[in-house]
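Quick setup: one chain, the form predicted on its own, written in structure tokens, and binding and motion questions come after.
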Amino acid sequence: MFAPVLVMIRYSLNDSGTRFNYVLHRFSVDAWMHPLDVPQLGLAIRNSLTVAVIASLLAVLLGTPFGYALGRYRFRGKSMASSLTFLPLATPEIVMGAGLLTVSVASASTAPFKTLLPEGLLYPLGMVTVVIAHATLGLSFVIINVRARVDRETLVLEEAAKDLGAIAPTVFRTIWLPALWPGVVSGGLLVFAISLDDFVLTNFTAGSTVMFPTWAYGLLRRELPPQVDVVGVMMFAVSLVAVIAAGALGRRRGVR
């Protein structure tokens, strides 16, 4: 599994002497000294980081109350809602991307959405549509992580607090918030890691906006500078830290 990553690390320290960094020629750290010395690379990374942060925040804001409700309450349709939570994870991204593209373009020609903004509610394609796509995909991760934090022990503590006279805000602040917080943060970190290098949804919804995955794909048709490997190693390290932190937080008990 890690063979491609090891190869990427090695080739980030290579100077092939040609446009395509395919052949090991001479050891060099020049690409690490000038990692953004490729046109539009800095812009692509900045846009991808911006989208990842905003998509993570949106997924957390929308997914946390839904995950809490699924775990905490019983209501009509709960089983169906729980099953639908996993649907985005099981749907091929190319299908989801095509659907989101259709929705975005249709918002410019379908009433009443076309009247809300001059060119349409979700058109033209850009960072807004990419954020919506990534937040939609990441919502399930937040819901699942938050729901997993709602356990029987926390429910018992809530009942005990109420019996002792604690009001609802105090119960949520002292019991539920510490219990849910690891799930919220771990879900957000997973969304950030997934959004950072997602290609399929980005390709469908970015339009002319420069994003790192689509920019790298277009660049590979013309050249493959070692800076791409350098940035790839950096993004792998960031994603690895995010996943490890998410796993560590997911294992923590919110209430002790």
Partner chain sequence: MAPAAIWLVVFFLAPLVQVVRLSFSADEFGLTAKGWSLGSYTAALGAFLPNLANSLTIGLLATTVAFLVGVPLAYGISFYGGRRRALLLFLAVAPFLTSYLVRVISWQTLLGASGPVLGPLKSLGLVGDRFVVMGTSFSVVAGLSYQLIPFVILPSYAAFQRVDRDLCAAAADLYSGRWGARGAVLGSVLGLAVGMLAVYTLSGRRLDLSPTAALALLAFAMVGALVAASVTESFLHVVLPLSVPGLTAAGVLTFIPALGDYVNAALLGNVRTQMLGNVIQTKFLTELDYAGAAALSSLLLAITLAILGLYLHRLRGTAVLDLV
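Because the structure is a prediction, the values reported are computed rather than measured. Take the two forms, find the largest set of C-alpha atoms that superpose within 1.5 Å, and that set is the rigid core. Positions refer to the first chain, counted from 1.
The following text describes the form predicted together with its partner chain, which does not appear among the structures shown.
In the predicted bound form, which of the listed residues (L101, V150, V184, I175) lies with a heavy atom within 4.5 Å of its partner chain? Selected option: L101.
Of the residues L36, L49, L62, V210, which one places a heavy atom within 4.5 Å of its partner chain in the predicted bound form? When its partner chain is considered in the predicted bound form, the option within 4.5 Å is L62.
I'd like to check something about F199: if you look in the predicted bound form, is any of its heavy atoms closer than or equal to 4.5 Å to a heavy atom of its partner chain? Looking in the predicted bound form, residue contacts with its partner chain include F199, since a heavy atom lies within 4.5 Å.
State yes or no: in the predicted bound form, is some non-hydrogen atom of A106 no more than 4.5 angstroms from a non-hydrogen atom of its partner chain? So A106 counts as contacting its partner chain.
Are any of the heavy atoms in M235 no more than 4.5 Å from a heavy atom of its partner chain in the predicted bound form? Yes, M235 is a contact residue.
Its partner chain contact at A160 in the predicted bound form, heavy atom, 4.5 Å: No, A160 is distant from the partner.
Can you name the residues of 218-245 that have a heavy atom within 4.5 Å of its partner chain in the predicted bound form? Sequence-ordered list: L220, L224, V228, D229, G232, M235, F236, S239, L240, V243, I244.
Rigid core superposition, V23 Cα moves 2 angstroms or more between this form and the one not shown: V23: C-alpha displaced by less than 2 Å between this form and the one not shown.
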